[in-house]
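Alright, two takes on the same chain below, each alone as structure tokens: structure 1 and structure 2.
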Structure 1
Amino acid sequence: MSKFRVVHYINQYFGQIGGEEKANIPPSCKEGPVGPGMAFKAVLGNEAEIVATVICGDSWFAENMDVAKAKVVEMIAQHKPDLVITGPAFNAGRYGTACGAVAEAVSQELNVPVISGMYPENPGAEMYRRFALIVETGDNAAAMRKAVPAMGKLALKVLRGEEVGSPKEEGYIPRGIRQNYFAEERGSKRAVDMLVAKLKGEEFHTEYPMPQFDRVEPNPAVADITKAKIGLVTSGGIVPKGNPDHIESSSASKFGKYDIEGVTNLTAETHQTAHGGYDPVYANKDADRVLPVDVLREMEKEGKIGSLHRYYYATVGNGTAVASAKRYAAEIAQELKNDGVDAVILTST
């Protein structure tokens, strides 16, 4: 009996090409397993083999999404796979988004199943969970030893045509798909049993978990806005011309801090947007449309606000992981507090 054919998609780092300095490489294909593919080879054993590995730089994929998907799918299709593995991407936002986008294209265009692996807060997990079985992993590559066996086990189950159990049973991230089944006990009894367990402080599991959202209590109103120092923070990607900090157009791995002392207007010659999630034309013509420095300078001159803070902070919200955004917010907020900023205007796109 011939082995099942598997194609593996990975980024430039796991493809052993290089780190961030090689993130702009276009897709390429190598025969057989590469990098983590060698670990998958051991897990897949004699039942399946990685016949090819497609490698693409994270930045190149993010900045050329449609072209990247088409090229990667074309390379994958040439090897006639029975299954595709993407990642694992852990909590790397750009990598996770690329793995998810490949999964979507492969499942829809080639009708081939996809197994991936991501940390639950990776934006790729939320965006593309419907198109792949995404095994839940740790948040960094140190979790590779646990991720590969779990992904490989699920891959073999799919290849054999065996029934795949629930997310809890199999260890993959819930896909938002409801499936009817016959329970041994009627719903009223199950509900009462859960309530009794909860009242006793015992462990119980809901049959319909609800999403978890942060609740942020609003701060008190500014006592006197005419004396307040106002800060500017944006997720719209407004950066000095040339994007000196190389903030990514998607799944940003950093934020920037920029001096606007004496600046009254953001022009096409001095500023631009690094954001890849909206049409940049109007923002590039006049960045004040996203970051209103010109209006705030007028208000400062007219005495409607006390002053505009010397620095503004910028990142890109497009596909950026929630965990990363929280970390940026904590760092930025602390700096603003240290600088005596009284209020912040947060702009998006």
Structure 2
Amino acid sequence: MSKFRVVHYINQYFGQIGGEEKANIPPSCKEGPVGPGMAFKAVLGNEAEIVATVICGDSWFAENMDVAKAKVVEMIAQHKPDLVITGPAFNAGRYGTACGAVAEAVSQELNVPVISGMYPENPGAEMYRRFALIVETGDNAAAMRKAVPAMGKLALKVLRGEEVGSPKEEGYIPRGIRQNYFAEERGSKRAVDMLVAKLKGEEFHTEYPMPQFDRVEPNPAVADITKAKIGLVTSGGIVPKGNPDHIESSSASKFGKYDIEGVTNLTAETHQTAHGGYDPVYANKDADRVLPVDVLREMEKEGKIGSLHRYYYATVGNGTAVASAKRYAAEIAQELKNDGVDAVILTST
């Protein structure tokens, strides 16, 4: 039986080309295993072999993401792999992002499975965990000795077509896939068992881990609010009547930006909520109850604030993924900054 074909993606450092000074090299391809690929060779044994190694500088990849992805995928495709291994990247941010981006492109465009390895806090893990089985590794290359056997073992499992177990069983970073199964005990019993274990100080595993939220340093206080341009942003779904952007009532896939120049009051004729997670009656009658345009207009007129920003931003916070919310927030914040907004009031329902 012929061996399964594996292509390995690594950076310039592990590709033995050089360190940071060589981070600007474009992708190249070598036959057979290179660097950590040698260690994989031992784990893959007679069943699979690394037929080629694609190497790219971390900076080059990061600075030419689209071109880099296309080139790397083309090189990988030429070797007709049954599986692709990227990394392990440990906690190296650019490398992890490159390993993840390659995984995304390979899995989506070539429909070939990808095994990678990263430290859970590597940004590449968060961004691309859906596209690869990313084995959880230590935060630096000293963890190579543990990472390679774990990744290799999982690679063989996938190549053989064996069933891959849960992230906890197999040691990979959760891909965010929910799988149904029949539990032996009913939910109430499992919950109470967990509580008892917790009270006893014993180990227990939640069945529904909460998303991880980051923390940011508070911004300095606004020095003079009477000169400040104030922006309004809401997750309460306040939109112009008719919801022109069709923001979804739950799991919103977008946010809206709406002009309120000259608007002194939101009314049942002009605005409504698109939110499907709370009783909309009160907001539909008077959306100022969620987005206080009326009083901010008054305060603007009285000189209590500098001005009310011409646009407000809205999305629906109902069941919306944290990752989406984070993306909307980054875009909205950038626009507000570009528009010279000094401070923002966020309202949530």
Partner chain sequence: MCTIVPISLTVGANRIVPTVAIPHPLGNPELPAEEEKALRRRLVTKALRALTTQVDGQTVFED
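Note that the structure is a prediction, hence the values are computed from the model and not measured. Whichever C-alpha set is largest while still superposing within 1.5 Å between the two forms counts as the rigid core. For residue numbers, the reference is structure 1: its sequence is counted from 1.
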Only one is the form predicted on its own; which?
1
CA of residue 80, rigid core aligned, shift of 2 Å or more between structure 1 and structure 2
no
For residue 305, does the CA position differ by 2 Å or more between structure 1 and structure 2 when the superposition is done on the rigid core?
yes
If I superpose the two forms on their rigid core, does the C-alpha of residue 94 end up displaced by 2 Å or more between structure 1 and structure 2?
no
